[in-house]
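Presented as structure tokens, the chain that follows is alone, the form predicted alone.
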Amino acid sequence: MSQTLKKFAVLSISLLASAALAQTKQVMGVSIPSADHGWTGGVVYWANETKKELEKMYPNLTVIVKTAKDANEQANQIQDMYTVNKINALVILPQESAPLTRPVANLKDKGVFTVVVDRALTDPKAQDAYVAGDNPGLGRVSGEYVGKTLGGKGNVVVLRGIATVIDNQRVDAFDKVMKEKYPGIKILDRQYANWNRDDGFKVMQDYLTRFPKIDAVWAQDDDIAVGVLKAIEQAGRKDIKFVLGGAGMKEMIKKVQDGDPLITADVTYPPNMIRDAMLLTAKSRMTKTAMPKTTIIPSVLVTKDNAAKFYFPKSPF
């Protein structure tokens, strides 16, 4: 073979290799809420840790992580990820369900592989896959614990999260348990506390002012529960038997482990589900294999007996 032909052959192989490399190059956008409370702080931590892990695992994968303070900013961010960063996959934990449904659907229509985490969109056709904790399970497990611990009788106040699909799923499942198994329990009120400590404090202050007898509080979320505990302490109320939060914040797990009189249990809903979603998405895109349409991470009741298994002191949440 002449030197010219050899050079041509080497060049052809090089071009083919470059083309193959280009074909496997992927840009994955990750859009998540800002760390405005403990759980989302955990989400931000795990997203950034997983970005480093994935880019080391897959040299041809670029991961772009962006946080947004509200739904409008998030909608603009994901559009910028498409036009500027040229993403071909999106992992999104929506700030709110309804306002993000159309923007995510638009990207899916343009060929972006879309994976929704935690807060489901109002139209499931807007996504290729869904990864979440077991929201109905969290409500069901919580309802069972509240009902059984109160012996089927008592007054309960409920603090909801943000008006999203997952909040509805949790509350609907909780209410179903109460209706079917514990009709003797009276739900005094349900108010939104936005998965926020300050709002949890304000809502609980209102409850304590309006209701002279409260047997238990279903706060649904550990950040809300922090505010609830502060309100109870300031009011000096002794009638409340326990406060049940959720998500598995390390401070709450430690209280359960140590036998705290008010935090007697917790229900898991781990923020590292964003890691699971990112790993599944990357594997699917980089290996050209199908990703499960739905992946649900079970919610588990944490009591003093098993709390040690769920206590991670180095975790940010």
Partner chain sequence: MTESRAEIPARSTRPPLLSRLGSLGPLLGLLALMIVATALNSDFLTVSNLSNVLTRASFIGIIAVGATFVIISGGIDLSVGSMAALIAGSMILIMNALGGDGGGGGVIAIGMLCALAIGAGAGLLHGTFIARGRIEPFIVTLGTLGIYRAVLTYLSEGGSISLNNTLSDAYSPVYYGKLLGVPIPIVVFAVVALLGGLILNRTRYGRYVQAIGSNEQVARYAAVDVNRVKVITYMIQGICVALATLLYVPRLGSASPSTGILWELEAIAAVIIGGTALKGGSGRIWGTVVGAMLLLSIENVLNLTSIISVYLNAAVQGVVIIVVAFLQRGKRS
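Residue numbers count along the first chain shown, from 1. It should be emphasised that the depicted structure is a prediction, and the values quoted were computed from it without experimental measurement.
Same protein, other form: the form predicted together with its partner chain, not shown, and the subject of what follows.
Residue contact with its partner chain in the model of the complex: Leu61 places no heavy atom within 4.5 Å of it. For Arg119, no non-hydrogen atom is located within 4.5 Å of its partner chain in the model of the complex, even though that partner is not displayed. In the model of the complex, none of the heavy atoms of Asn85 sits within 4.5 Å of a heavy atom of its partner chain. Although the partner is absent here, Lys241 is not a contact residue: none of its heavy atoms lies within 4.5 angstroms of its partner chain in the model of the complex. Only one listed stretch (194-202, 138-146, 177-185, 214-222) carries heavy atoms within 4.5 Å of its partner chain in the model of the complex, and that stretch is 194-202.
Within 4.5 Å of its partner chain in the model of the complex, a heavy atom is found for every one of Ala35, Gly41 and Asp206. Comment: its partner chain is not present in this chain, but in the model of the complex one of Glu55, Glu251, Asp260, Asp70 has a heavy atom within 4.5 Å of it, namely Glu251.
Shown without its partner, this chain lists Gly133, Pro103, Gly161, Gly227 as candidates; in the model of the complex, only Gly227 has a non-hydrogen atom within 4.5 angstroms of its partner chain. In the model of the complex, Ala163, Asn168, Asp189, Arg190, Gln191 are the residues of 162-191 with at least one heavy atom within 4.5 Å of its partner chain, listed from first to last. The pair Ala35 and Met204 is looser in the model of the complex: their Cα-Cα distance rises by no less than 3 Å compared with this form. Relative to this form, the distance between the C-alpha atoms of Ala231 and Pro33 is increased by at least 3 angstroms in the model of the complex.
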